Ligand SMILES: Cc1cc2nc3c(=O)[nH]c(=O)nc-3n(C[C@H](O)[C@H](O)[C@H](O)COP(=O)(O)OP(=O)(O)OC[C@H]3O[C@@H](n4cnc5c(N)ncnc54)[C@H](O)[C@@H]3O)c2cc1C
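Next up: just one chain, as structure tokens, the form predicted alone.
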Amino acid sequence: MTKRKTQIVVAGGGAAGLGLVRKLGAKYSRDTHDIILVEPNRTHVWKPLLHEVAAGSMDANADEVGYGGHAARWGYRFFNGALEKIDRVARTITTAPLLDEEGEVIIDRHTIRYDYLVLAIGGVSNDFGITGVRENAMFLENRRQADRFRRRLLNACLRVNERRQRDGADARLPICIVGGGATGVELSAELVHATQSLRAYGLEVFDDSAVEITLIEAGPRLLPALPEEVSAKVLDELRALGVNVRLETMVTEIGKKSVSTKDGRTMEAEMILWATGVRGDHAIARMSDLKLSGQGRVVVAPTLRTETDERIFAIGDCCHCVLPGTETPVPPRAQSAQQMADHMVGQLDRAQKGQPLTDFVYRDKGSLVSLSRFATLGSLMGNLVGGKMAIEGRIARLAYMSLYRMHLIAVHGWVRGPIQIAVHEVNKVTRPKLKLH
């Protein structure tokens, strides 16, 4: 009698999930294990670079990873679908029907069994229940949203250019970004770079004055994860670029083309982007009875195993993990997601062998922020420098670039990874500086 394969299902193909299935596929034989990645998208783009996709500075088609080809290469299976329900008793998941642009069913609802389930479905932007956010603002949570932002940006710039050519009017494009974290800060600088370059791409009367960028932050400073001196330098750099930065400003309502704040002001904005932190996807509460935190993340023990079910784990932005000796959860950042994925390989092996699981150890390697081609600043921490050190300039830029290279190694391995890095560098030289389609 043929022994049933051990089936490990990973829901979510972001940095954590994709890195995990690659390592699991390489570790286990297809004769004994069936590794399945469940993901609603067909390609992967590294989330920290979505602001470049949104501004047109990066052509995601050149850097995306196709799940189907990646699965064939690394020995796992890719199922194109979104997680809809978890049945802990039957140890199955159900995927939602996959629809095309016309609403026609491509892949119907499916049920997939699991021996072990790893949730890596990421998070969503926290709207804090503010009126109009979900209806009127844009987000940068995935490739589709970044592409939508880029198309709207280009169309808006073309309209301003047309009005200036036709009427000689001093037409302007007001853009409002809510949230002074890494996404908001980096997008603000990337938009300045993009709009400065548009004149060379056929927008003859388009100049720096055409776009008005406002960055709103409710807290007293930008980038709270970085040291105060670095945050202050970022603030100075953005203001020198012409970005209107408003600190300690709380948004109370988002209109179709307006942003209202607690101090009674209302700002007009042709485009509004919401980037105010991460919470768990609201769908998690509907799909299972797993214990959730106040921010909707799946509560896990330090081992990354859920407190509700010993067969279910969670990693990345969707999990709430408080480690021994700490009071706050592991931050939802790319580096923590990758470290959790690495840890999960050993955890799943120990779980199958009936061995005790080990606690996850988070190593904060620091934070870096890139202000497009204008500046790169941040801090390095831990074993990298034996403490904590603020960096900027060329050293910071090299460190920032190394983050994406490390991601490519995690996704493609030590043989194909360097090849992908070389291709990425060639693309930066040979392709246009802006993607205008």
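Computed from a predicted model, the values in this text were never measured in an experiment. In this text, residue numbers run from 1 along the sequence as written.
Separately, the form predicted together with the named molecule exists; it is not shown, and the next lines address it.
Task: in the predicted complex, segment of 250-258, 77-85, 156-164, 347-355 with a heavy atom within 4.5 Å of the named molecule - done: In short, 77-85.
Open item on the list: Within 4.5 Å, heavy atoms only, which of 191, 185, 120, 178 is in contact with the named molecule in the predicted complex?
Closed with: Looking at 191, 185, 120, 178 one by one, just 120 meets the 4.5 Å heavy-atom criterion.
TODO: Quick one: from 408, 38, 58, 371, grab the residue that has a heavy atom within 4.5 Å of the named molecule in the predicted complex.
DONE: The residue in contact is 38.
TODO: Determine whether any heavy atom of residue 14 comes within 4.5 Å of a heavy atom of the named molecule in the predicted complex, and answer yes or no.
DONE: Yes, contact at 4.5 Å.
TODO: Classify residue 140 as contacting or not contacting the named molecule in the predicted complex by the rule of any non-hydrogen atom within 4.5 angstroms, answering yes or no.
DONE: Output for residue 140 is yes: heavy atoms within 4.5 Å of the named molecule.
Task: Contact of residue 65 with the named molecule in the predicted complex (heavy atom, 4.5 Å) - done: Outside the cut-off, so no.
Open item on the list: I'd like to know if residue 280 sits close to the named molecule in the predicted complex, meaning any non-hydrogen atom pair within 4.5 angstroms.
Closed with: Because no heavy atom of residue 280 falls inside 4.5 Å of the named molecule in the predicted complex, the answer is no.
Open item on the list: Just to make sure I understand: among 323-338, which residues lie within 4.5 Å of the named molecule in the predicted complex, judging by heavy atoms?
Closed with: If the 4.5 Å heavy-atom criterion is applied to the named molecule in the predicted complex, 323-338 yields 332, 333, 334, 335, 337.
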